[in-house]
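For reference, the chain that follows is the form predicted on its own, supplied as structure tokens.
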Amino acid sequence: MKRSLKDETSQPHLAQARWEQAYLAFETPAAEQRKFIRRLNRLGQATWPRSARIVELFCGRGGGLLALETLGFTAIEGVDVSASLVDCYAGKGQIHVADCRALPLAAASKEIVIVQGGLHHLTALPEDLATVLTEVERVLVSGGRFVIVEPWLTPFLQLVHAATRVRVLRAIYQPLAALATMIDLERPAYFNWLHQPGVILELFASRFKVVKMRLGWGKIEAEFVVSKGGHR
């Protein structure tokens, strides 16, 4: 019997399984790694020490970790709540299956924390985001970097949303169909994130100093620095 979207969203384990299938179908691992390398280049990875202690939150199947390995970083870790996704990772980094609201990492143990598309999955704003940012602040050393790439409601993203609603486009372009599925299955959290830009930016500013920020092509790309005891 075919399950409806309503059936799946009312049963979180079914919705999560289907979301993960769509995520895996959205792009190949090689394409994902190339995308992450381009992002890391824009975020200034060339200036980071190759020995920097880095953790990527919401790391999924580990495409970002593999990108970091390719770029020569040697002390990397990843955190994701999905055991099935992190099982896809076959790199050299250490993996933690854990909730990013309670990181299994020591205080002041990392020089760089990265999130490439994970904060918009948080179901309660601003509470969950505040909790994650507090954890990020805790595990970073003074002067540590926090870099993020997240969806942002620019005109380009609105155009993409419109395209996902066109059946013929979904039929002929598989990544668009996968994206439509992911959006449908996490709709409340996703649009809650997109519709609270002021709240989100205020939370970042309350904990970190902004080094760079770029809004465009449906994304926010930003680098922050933590200054413990001196910024807030």
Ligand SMILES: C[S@@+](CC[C@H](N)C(=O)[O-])C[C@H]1O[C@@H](n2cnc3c(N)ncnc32)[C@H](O)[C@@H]1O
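Fair warning: this is a prediction, and the values are worked out from it, not measured in the lab. The first residue of the sequence shown is number 1, and the count goes up from there.
Missing here is the form predicted in complex with the ligand; even so, the following discussion is about that form.
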Candidate from L43, A67, I54, C59 lying within 4.5 Å of the ligand in the predicted bound form - any heavy atom: C59
Proximity to the ligand in the predicted bound form, single hit among V81, L157, C88, A124 (heavy atom within 4.5 Å): V81
Distance check, D184 to the ligand in the predicted bound form, heavy atom within 4.5 Å: no
V141 within 4.5 Å of the ligand in the predicted bound form, heavy atoms: no
Distance check, C100 to the ligand in the predicted bound form, heavy atom within 4.5 Å: yes
Non-hydrogen atom contact W193 with the ligand in the predicted bound form at 4.5 angstroms: no
Contact stretch among 59-67, 46-54, 196-204, 163-171 - heavy atom within 4.5 Å of the ligand in the predicted bound form: 59-67
F208, E221 and F224 each touching the ligand in the predicted bound form (heavy atom, 4.5 Å): no
